[in-house]
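Next up is one chain by itself, shown in structure tokens, the form predicted on its own.
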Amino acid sequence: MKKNYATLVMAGLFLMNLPAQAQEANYDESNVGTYTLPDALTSLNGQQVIKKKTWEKIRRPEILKLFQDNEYGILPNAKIKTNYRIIEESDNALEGKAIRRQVEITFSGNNQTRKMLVLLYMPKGVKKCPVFVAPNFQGNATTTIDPAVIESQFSTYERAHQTSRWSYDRIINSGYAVATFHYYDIYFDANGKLAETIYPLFGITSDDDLQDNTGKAITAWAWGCSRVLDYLLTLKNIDKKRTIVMGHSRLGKTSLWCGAQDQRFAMVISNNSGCSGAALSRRNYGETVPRINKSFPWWFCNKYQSYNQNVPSLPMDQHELLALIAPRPVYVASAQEDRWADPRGEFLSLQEASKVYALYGYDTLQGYSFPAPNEHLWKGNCGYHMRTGVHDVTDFDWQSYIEFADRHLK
């Protein structure tokens, strides 16, 4: 087995902690409590936003800064040099249906270097491919049975360990390309690892260098997604107008934050992103802001922890994060058994965000009920489904994303 002892111990401790968390969490709608959401269409000076120009020039920048200052944080300004090197390529991948390219991206800054390995599959015979950018949890080689895929530098898992989450055949057969990278290449998903992340490139080598609004893991992973897009946009056979960022769980939070900031992405997908992702923070259901900050203090900026005892005092909520993606298509997906991620809270968040899409003439989700499992609710440029099953990515999810993208990006 390739998993090391430390990995097994960490996994065991995490799993042992889950029952206690689940027992303490609220899963009763009658105990959610009352809450008032900040109005995405009212500016900080009280001005009502009724035109898309006002949204784009005044309100959207206000909301973006609120998330930068209070939740996700920002990266310091720094000159980062980037170099691309193709280290493997084949035009006969996935049983001859795809072109495989493996690209090493080297970042340099402040006398430091860091590397990330990108795995890219592109359908053969498609001159302009739409593309999914989707980071992975366990390493590039764990996403496929393809023996030519190079193992990621920090992966501790067996090859093909997590293939169930990657519907490469469906993606390629549908005419889409897909690019993935191991999120550890950018930022270790653990406390006390900051010096081993990309942060020394920005002159940050310890927690003492962090300001209240300095981003941490979520912001770093989002930065990584954008750097993959930088590379993809240099390729002649990638359609620059049909780029999609997709993520699951904490990487779903990442995809939303990435898409909110990087408007080059034409579509944004959140798969089971839950608390501090698509779900409303003010709902007392499943995982909450104080819980997530206690369990994962390295995900968000330090300022976010100051709201642990008073979540209603947050100057924004997650529906406004989704609204930042307007008017581009946004898709939020939940899982019926993933109560920890609050599926209803994810839906209500998207429903509220859809009001901003109305500024652009799109239909909203207002007046629609929470959909039944495995039913799609696609209105305007907003998509939602809650599939049966647990916290995961399935072929049903990928099929839904592809169909939604076909509808909105062609």
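On a predicted model such as this, the values are computed, not experimentally measured, just so you know. In case it trips you up, residue 1 is the first one in the sequence shown, and so on.
Only in words, not in the display: the form predicted in complex with a small molecule, which the text now covers.
Per the 4.5 Å heavy atom criterion, the small molecule in the model of the complex is contacted by stretch 285-293, the sole one of 285-293, 224-232, 202-210, 307-315. Within 4.5 Å of any heavy atom of the small molecule in the model of the complex lies no heavy atom of Thr254. Interface membership of Tyr184, defined by any non-hydrogen atom within 4.5 Å of the small molecule in the model of the complex, is ruled out. Although the partner is absent here, Ser249 lies within 4.5 Å of the small molecule in the model of the complex, judged by heavy atoms. With a 4.5 Å cutoff on heavy atoms, Ser334 does not count as touching the small molecule in the model of the complex; it lies far away. Using a 4.5 Å heavy atom cutoff, none of Thr243, Tyr384 and Phe404 lies near the small molecule in the model of the complex.
The contact residue chosen from Phe132, Trp298, Phe137, Tyr168 relative to the small molecule in the model of the complex is Phe137, the criterion being a non-hydrogen atom within 4.5 angstroms. Proximity to the small molecule in the model of the complex, defined as a heavy atom within 4.5 Å, singles out one entry of Tyr157, Phe107, Phe188, Trp340, which is Trp340.
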